[in-house]
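What follows is a single chain, given as structure tokens, in the form predicted on its own.
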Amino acid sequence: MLNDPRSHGLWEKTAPQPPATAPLTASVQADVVVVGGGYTGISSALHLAEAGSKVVLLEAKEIGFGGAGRNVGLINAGMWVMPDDLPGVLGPVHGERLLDMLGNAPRLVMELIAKHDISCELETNGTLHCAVGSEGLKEIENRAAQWGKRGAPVTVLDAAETARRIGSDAYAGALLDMRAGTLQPLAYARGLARAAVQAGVSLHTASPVIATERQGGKWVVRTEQGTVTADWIIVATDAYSTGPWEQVRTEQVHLPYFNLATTPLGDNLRKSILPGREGVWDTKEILSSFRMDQAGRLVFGSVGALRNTGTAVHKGWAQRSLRKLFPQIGEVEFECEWYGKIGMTDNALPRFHKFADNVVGFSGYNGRGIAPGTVFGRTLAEHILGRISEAELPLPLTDPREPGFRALKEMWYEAGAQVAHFADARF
């Protein structure tokens, strides 16, 4: 994307084309202006337009340019935080409310895909959170118990069943979550955008917001070539935020994450490696993830940036790790490589911000953007439409706050991942 093969890799290579768009070059009126063309922004615009609102969406680059077009493609339920811990962090009301919303969020993604006939390689066979050693097994058993008492369809698989589903005996067990699944993330973002345009959204790419001001009770949002005058602004820029809402980016510590896609595997390998096409990640502190696309490419990723010395280090680690996980795979050739940034908050939970009167947004998805972004977009639409009050939202109102030593932490994550991957899986 934007002539960078390492920005979106396989997803840009295989996604359907986005709807035709152009920069904003006029002064227009709207009920709501949405800033950001990822899952949250497009979902909010789509749901508002379907309810009859006049919506303009402004994207600084291209649809899915940020995390929406770069991620692994796991449609996960919930967040990293253990379910029982959420009420302690957010309070009993918001904690259980958020658990309920995000636990059911993958269902909304799948319903939108069906409703709007979005071609995005959807797989609904669940995900596998794989236990590394006895400590990892305790972690997934604890998580399963906490979700299970809330009625979630989760199961702990033993080592033998895990090996059968994955094609590797590297794990002590796995948590199977049947709420979840996988998709082609950029294709999903582009499909949502097409549905939004069909619903009446005016969608403009290459239109970064440079300023906003209040005039006569309304907001005037300025780009380089045009303006939008609206009653409401939705800020949906998240980890890639710049300009007037750069505070959303600086509230988060960026964790780099890369993915490598093999060439399509042969029929025999596809029968032994992820035959059910579940999405997988493990319990290591520097985790690994892998899943299969519909053409049989194995997409393998971990923490790190494919730049400078990191490119060779992480690719070498991935080749060694894949041969260790799947001895049957032989020599590994990578067809595509790409990386992006995960925005991490200090408590690993998303945020709801009210930047000014009628200027609102959710952000901070901590690597769980697909389902939360989609459902939070719908939630913002319902809030603006008057269906959900601020007191009924799934998160309490907070002010953006930059964490201490943010820049140093980001440097450490990138360098630390290189050190870990240089040593890991060598023997």
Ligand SMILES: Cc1cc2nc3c(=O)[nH]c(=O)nc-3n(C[C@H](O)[C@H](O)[C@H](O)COP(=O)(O)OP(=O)(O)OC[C@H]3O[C@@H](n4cnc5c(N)ncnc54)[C@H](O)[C@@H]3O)c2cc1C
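Just count from 1 along the sequence shown to find any residue number. Quick caveat: nothing in here was measured; it's all calculated off a predicted structure.
The same protein has a further form, the form predicted in complex with the ligand, not shown here; the description that follows concerns it.
What I'd like checked is whether 44, 102 and 124 together line the ligand in the predicted bound form, meaning each has a non-hydrogen atom within 4.5 Å of it.
No: no residue has a heavy atom within 4.5 Å of the partner.
Go through 226, 87, 208, 296 and name the one with a heavy atom inside 4.5 Å of the ligand in the predicted bound form.
When the ligand is considered in the predicted bound form, the option within 4.5 Å is 208.
Work out which of the listed stretches, 318-326, 341-349, 265-273, 132-140, brings a heavy atom within 4.5 angstroms of the ligand in the predicted bound form.
Selected range: 341-349.
Within a 4.5 Å heavy atom cut-off, is residue 72 in contact with the ligand in the predicted bound form?
So residue 72 counts as contacting the ligand.
I'd like to check something about residue 395: if you look in the predicted bound form, is any of its heavy atoms closer than or equal to 4.5 Å to a heavy atom of the ligand?
Although the ligand is absent here, residue 395 would stay clear of it in the predicted bound form, with no heavy atoms inside 4.5 Å.
Looking at the partner-bound form in the predicted bound form, is residue 61 within 4.5 Å of the ligand by any heavy atom?
So residue 61 counts as contacting the ligand.
Can you tell me if residue 368 lies within 4.5 angstroms of the ligand in the predicted bound form, counting non-hydrogen atoms only?
Close contact exists here: in the predicted bound form, residue 368 approaches the ligand to within 4.5 Å, heavy atoms only.
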